[in-house]
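We begin with a single chain expressed as structure tokens, specifically the form predicted alone.
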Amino acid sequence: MKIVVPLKQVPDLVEDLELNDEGTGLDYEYLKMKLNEWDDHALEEALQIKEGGSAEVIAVAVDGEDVDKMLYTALAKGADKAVKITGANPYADNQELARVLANAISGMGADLVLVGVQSAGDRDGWLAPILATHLNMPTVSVVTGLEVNDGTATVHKEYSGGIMAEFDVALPAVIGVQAARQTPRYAPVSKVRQIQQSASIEEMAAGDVGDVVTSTVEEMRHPEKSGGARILSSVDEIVEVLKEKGVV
């Protein structure tokens, strides 16, 4: 079995996020990036399947700043191969990103494509179904449980209100992973450095994405700040505030 896992870097939300001069997006020049947490769960689920049987795990990412480090980290965690797609926009929306990934994945003979269900930079969270359309594969998203047996993936899908459903999906398929069966593993820095010296990253051109119908951000703003919060430590303080506000 061959499992392909697209990985994406997203802004580290603990950092201050600055807007570009046009006010239509983030200024990425000095922004710290990190692996999208849902992609990390998709990678962990792929590695769990590999360890439970016979599978090859391929990590794929669009070229960008620190992408090599992200891919070497995936190899250090247990991925068998890393592929970097060159000549594409690493910050593209899901419509364009899906085309780029489909061009790369279509020639890999994937039995299973595991995609993070969303990312911090998404405007729609629809990467899995759009990618599945381009690859002509069935798809189920928001998956929190996955088992693979005899060419079929049995998945547990979560709906709003905590409702769970079980589906059998014929492979090859694209699965949008909400959560892996266990917390994503950590790769020590020493192991990542060792992998950097012994392993290599394959490069692949993005190819033609054609005309992509997508949305456009007209304006982006920082949230407006309010008057702040007041911490109350006793019932007497709560009563006093309510009196000040004319509630009691």
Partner chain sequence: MGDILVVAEHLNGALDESTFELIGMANDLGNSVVAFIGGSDDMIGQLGAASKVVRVDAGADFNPETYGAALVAVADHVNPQVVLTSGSSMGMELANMLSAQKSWPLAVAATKVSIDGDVKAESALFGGKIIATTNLGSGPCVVAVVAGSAPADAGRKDGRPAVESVDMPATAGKVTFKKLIMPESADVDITTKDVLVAIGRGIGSKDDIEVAEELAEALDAAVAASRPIIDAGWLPKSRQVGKSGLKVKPKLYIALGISGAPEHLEGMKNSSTIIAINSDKNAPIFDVAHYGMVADLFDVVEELTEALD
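Here the structure is a predicted model, which means the values were calculated and not measured. Numbering follows the first chain given and starts at 1.
Keep in mind that the form predicted in complex with the partner chain is missing from the display, and what follows is about it.
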- Item | Residue stretch of 50-58, 65-73, 217-225, 195-203 approaching the partner chain in the model of the complex, non-hydrogen atom distance within 4.5 Å | 217-225
- According to a 4.5 angstroms non-hydrogen atom cut-off, is Asp21 in contact with the partner chain in the model of the complex? no
- in the model of the complex, Leu112 touching the partner chain (heavy atom, 4.5 Å): no
- Message: How about Gln95 - does it come within 4.5 Å of the partner chain in the model of the complex, if we only consider non-hydrogen atoms?
- Response: yes
- Query: For Asn103, is any heavy atom within 4.5 Å of the partner chain in the model of the complex, or not?
  - Reply: no
- Task: Go through Gly78, Gly125, Pro90, Gly145 and name the one with a heavy atom inside 4.5 Å of the partner chain in the model of the complex.
- Result: Gly125
- Within 140-179, which residues come within 4.5 Å of the partner chain in the model of the complex, counting heavy atoms only? Val140, Ser141, Val142, Thr144, His156, Lys157, Glu158, Tyr159, Ser160, Gly161, Gly162, Ile163, Met164, Ala165, Glu166, Phe167, Asp168, Val169, Ala170, Gln178, Ala179
